[in-house]
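The chain below stands alone, shown as structure tokens; this is the form predicted on its own.
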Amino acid sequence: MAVKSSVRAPRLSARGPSRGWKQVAANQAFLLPAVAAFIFMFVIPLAQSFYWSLTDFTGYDPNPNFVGLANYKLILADKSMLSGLAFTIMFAVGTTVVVTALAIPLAVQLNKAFWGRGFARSLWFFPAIPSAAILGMVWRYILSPLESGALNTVLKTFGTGPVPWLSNSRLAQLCVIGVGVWCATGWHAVLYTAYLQSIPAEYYEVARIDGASSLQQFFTITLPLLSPAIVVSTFLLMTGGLKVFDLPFTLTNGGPGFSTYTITHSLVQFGVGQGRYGISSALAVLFTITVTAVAFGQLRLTRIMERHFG
């Protein structure tokens, strides 16, 4: 006669896998607010902008007429918009290259121990504190092309005639980029300084023992280990440069002519100023595509730098 064992074998229950799925679902539920915010604040407005870009929407008529790609053709034929696109790219690329070239050596100097280092860091960081619109008004007075302009008044004492800083197209573009560089260099130098402080001092001590010069230490130790900071800094500079509005608007108001126009300036003018929301929406779609391309380019650059310096 078989004896039944009192010890029961563990029963496989379907509740185990269900608990796993419930845990995953509970974890994913925390992402719902972020996903909802992304959909309502980016996806839906972008879809509406794309729809309006295909119409003659003015902001008042609830039933705009469908015009197809006419708004896009108008943008590509409008000199002011093309000028705004060209200067926006020029400003973004110019400020990114120059600020990076200046901020890294400045950060290396600010990271050294010297008397008044804290004050020097604060002094360089100060241009990033006021609003860019306010700084644009200040520099508009300094760079005034009139003889009464602050800089021209100083040049007059040396016997130099007034320079058309903001009345010459090329000079105006260089002035806007120069002021943008002046505003951003100190902030990004402080960013690089924070990364420099995380580099172990032993690396430099070993390099000095091996006889490496300061320049060799910079290119073999400092610059490779700053690659994450460079990626972050250039990404912020490029995205900030592409959406710049307040500095050129208060400094030159887009002039002379359309030489310092920006994409955001055109968006405000055609959308808010003239009520041509169809054209403004088409420009916003093109702007979004440009920023997306830049973002993917930055990600590509990040991978290249990680492979090269990793």
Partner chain sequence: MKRPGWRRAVLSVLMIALALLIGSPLYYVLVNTFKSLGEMTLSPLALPSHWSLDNYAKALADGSMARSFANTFYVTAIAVVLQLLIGSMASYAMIMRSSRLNRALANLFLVGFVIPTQSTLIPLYLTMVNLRVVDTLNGLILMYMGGSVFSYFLIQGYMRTLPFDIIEAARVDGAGSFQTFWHIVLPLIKPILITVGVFQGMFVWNDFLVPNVMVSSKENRTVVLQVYAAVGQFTTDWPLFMTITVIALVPMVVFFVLMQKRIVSGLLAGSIKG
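Heads up, when I say rigid core I mean the largest set of C-alphas that superpose within 1.5 Å between the two forms. Positions refer to the first chain, counted from 1. The structure presented is a predicted model; accordingly, all values stated were derived computationally and were not measured.
Below, we turn to the form predicted in complex with its partner chain, even though it does not appear here.
The partner is absent here; in the predicted bound form, the one residue of Thr220, Ser80, Thr153, Ser167 having a heavy atom within 4.5 Å of its partner chain is Thr153. Checking Val232, Leu74, Ala101, Ile89 against its partner chain in the predicted bound form, a heavy atom within 4.5 Å turns up for just one residue: Val232. By the criterion of a heavy atom within 4.5 Å, Leu54 is excluded from the residues contacting its partner chain in the predicted bound form. At least one heavy atom of Asn27 is located within 4.5 Å of its partner chain in the predicted bound form. Taking the partner from elsewhere, Thr260 is found to have every heavy atom lying beyond 4.5 Å of its partner chain in the predicted bound form.
Contact annotation for Gly68: none of its heavy atoms lies within 4.5 Å of its partner chain in the predicted bound form.
In the predicted bound form, the residues of 45-84 lying within 4.5 Å of its partner chain by at least one heavy atom are, in order, Pro45, Leu46, Gln48, Ser49, Trp52, Phe57, Gly59.
Core-aligned CA deviation for Val268 between this form and the one not shown: less than 2 Å.
Superposition on the rigid core between this form and the one not shown places the CA atom of Pro45 2 Å or more away from its counterpart.
After superposition on the rigid core, displacement of the C-alpha of Asn63 between this form and the one not shown stays below 2 Å.
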